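Before any questions on binding or motion, here is one chain by itself as structure tokens, the form predicted on its own.
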Amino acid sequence: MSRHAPLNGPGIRPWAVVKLGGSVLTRKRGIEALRPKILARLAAEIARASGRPLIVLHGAGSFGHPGARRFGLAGPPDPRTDRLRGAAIVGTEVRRLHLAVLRALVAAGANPVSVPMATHTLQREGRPVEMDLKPFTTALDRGAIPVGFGDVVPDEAWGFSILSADTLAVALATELRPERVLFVSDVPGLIAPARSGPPRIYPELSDATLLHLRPGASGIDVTGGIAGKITAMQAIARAGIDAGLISGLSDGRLARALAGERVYGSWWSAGSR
């Protein structure tokens, strides 16, 4: 069970936490393969909603997952790999993507503030035991958009391990109580098992939906893939907050979701099981 540092007063409550998946920001079959046009458009949609307090998170995609897999950072130490070296390499790689996200938000007119969780989190065997979320509330109170990301963080048992942005989204939702959490991906929602005709998604998610999940087949993901997103959404909904999985490849969908619309996607409604 993670222990969050106590927050001083209620501060500004975020309207939404937006998690930009590495799958939509990068081409995950490549190495550090950014999708600059998609990133610029998503940044512009976020900037247009900046009248409401927002928190932005992003995954690592092809900037972090290949190295994390190579050095085994998502699991216990392997004596065949240099974990410290891997932590240094992957931490540097994800910061290159993070800088690109910050630059895109600035270019779009937003005022982002970087929140690197490697200096605010301690894990044990890959799970958070201490997490200081105050830098997010401090940025919100000053009118900025705090931007966090999946990162390599200190680990009491393993030296270093991966903190996924999905895990961070759950912690922020539980502590700061936004109206909704949006997981922006390269898919329109949770795809239902294949049948004849065009693919369909589950518009409403529940515990029963988890029984139908199947491993994803595209790219490399060391943080749980689509199953990890849905499990995070489950925890967020149980905390009383709506969570949606939507596509970032469709123009304007994120902007409409940030305006309060329940856009096309897979949603886990607050309190539902």
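The numbering used is simple: start at 1 and walk along the sequence shown. On a predicted model such as this, the values are computed, not experimentally measured, just so you know.
What follows is about the form predicted together with ligand IP8, which we do not show.
Contact with ligand IP8 in the model of the complex, judged as any non-hydrogen atom within 4.5 angstroms, is confined among 163-171, 105-113, 135-143, 199-207 to 163-171. Checked against ligand IP8 in the model of the complex, the candidates 56, 60, 42, 232 yield a single residue with a heavy atom inside 4.5 Å, and that residue is 60. Among residues of the shown chain, residue 68 is one whose heavy atoms approach ligand IP8 to within 4.5 Å in the model of the complex. Contact between residue 151 and ligand IP8 in the model of the complex is found at the 4.5 Å heavy atom cutoff. When contacts are judged by a 4.5 Å heavy atom cut-off, residue 181 does not count as touching ligand IP8 in the model of the complex.
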